[in-house]
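In structure tokens, the next block holds one chain alone, the form predicted on its own.
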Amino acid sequence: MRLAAVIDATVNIPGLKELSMYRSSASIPFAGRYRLIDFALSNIVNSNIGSVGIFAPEGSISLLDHIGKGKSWDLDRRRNGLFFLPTSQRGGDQLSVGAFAALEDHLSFFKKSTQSHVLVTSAFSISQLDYTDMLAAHLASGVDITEAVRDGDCMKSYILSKDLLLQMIKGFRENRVVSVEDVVNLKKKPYSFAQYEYDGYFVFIDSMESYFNESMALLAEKDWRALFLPERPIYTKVKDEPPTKYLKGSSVKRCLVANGSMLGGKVTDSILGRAVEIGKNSKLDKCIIMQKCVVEENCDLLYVIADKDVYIKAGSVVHGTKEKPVVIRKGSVVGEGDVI
């Protein structure tokens, strides 16, 4: 494959700040057992791209812990493989993908690359985009930069030659542009541009509203099957955990449930992460409960997003709405009898 890949994880999306206070935005959990970055990484691996640079802002400990050396994506290789590249960028409140200031911190990644072209993509686009087909279209068009689109919407994925990218990085201050995305949006001269039309599953997570709605949409079999294709699996960090145990008297309907959990009570139209505990006689409806959360007995939760390690004591009532789900921060404790 003549493509190297760059995942720009330096972008910090303001609309997701309630979930990114203690982690990189790219490592926000999604669809139960996955993180947002898993979908970009899986597309890259499924497109037979073997050289991947993840450009991350300072303090991306959660992202590094999740990615490791790339073993779960078969990228822990002696040649090429995965490179975790921390930058001096702090992940400002911006949505511009392929920030030249961040890429400039690791020019050696590009100079040592044997691939002639580079894919630059975000960690927030969830799709099944095949970069092999996109590269073929780019080469056939003869243009400088190709961007992926679906029904006219930009997918935040771009292909260009390595030499051109290095040229842009070198001159971005003089040319008054900040990123690859910025160059494309401005249709900056003298470059030429083309669009690659993709017709599969695609969502972009850029707000709490889109995060909640697109998570809930995956409970519909049609959407779930469109994203989770058998021939193009979504990979994530492998953990050794037992299957989920359903306690006597429990009822779980229309849910995505990760492994290692212990479930009692009634759970409907919800997404549960790894190692979640739901006590007897508790009722959860339209909730997203992340890894290692505990909901004790006799709780009532409706339209709730509980971040990792939340502990909800017995008898608590937490109700949000479809328009404004209640977000409980990572590690919080909701007290006995609390009504939120």
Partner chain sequence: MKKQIVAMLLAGGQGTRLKELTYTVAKPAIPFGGKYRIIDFPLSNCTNSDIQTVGVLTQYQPHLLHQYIGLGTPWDLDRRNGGVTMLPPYAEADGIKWYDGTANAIFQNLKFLEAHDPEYVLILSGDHIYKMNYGTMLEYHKNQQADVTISVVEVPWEEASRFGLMETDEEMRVTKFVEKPENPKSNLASMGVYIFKYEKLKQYLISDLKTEGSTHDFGKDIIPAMLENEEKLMAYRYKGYWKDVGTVESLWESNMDLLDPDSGLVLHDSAWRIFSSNPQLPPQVVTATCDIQDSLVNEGCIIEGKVRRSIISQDVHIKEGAEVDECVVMAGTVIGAGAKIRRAIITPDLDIPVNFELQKKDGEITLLTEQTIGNWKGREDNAFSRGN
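Numbering follows the first chain given and starts at 1. Because the structure is a prediction, the values reported are computed rather than measured.
The following text describes the form predicted together with its partner chain, which does not appear among the structures shown.
Relative to its partner chain in the predicted bound form, residues 247, 258 and 262 are all within 4.5 Å by at least one heavy atom. Think of it this way: in the predicted bound form, its partner chain has a heavy atom of just one of 254, 173, 112, 79 within 4.5 Å, and the residue is 254. Taking a 4.5 Å heavy atom cutoff to its partner chain in the predicted bound form, the contact residue among 31, 28, 305, 310 is 31.
Shown alone here, residue 224 lies within 4.5 Å of its partner chain in the predicted bound form, counting heavy atoms only. Residue contact with its partner chain in the predicted bound form: residue 127 places no heavy atom within 4.5 Å of it. Not displayed here, its partner chain is approached by residue 233 to within 4.5 Å at the level of heavy atoms in the predicted bound form. Interface membership of residue 228, defined by any non-hydrogen atom within 4.5 Å of its partner chain in the predicted bound form, is confirmed. None of 45-53, 283-291, 310-318, 66-74 except one has non-hydrogen atoms within 4.5 angstroms of its partner chain in the predicted bound form; the exception is 66-74.
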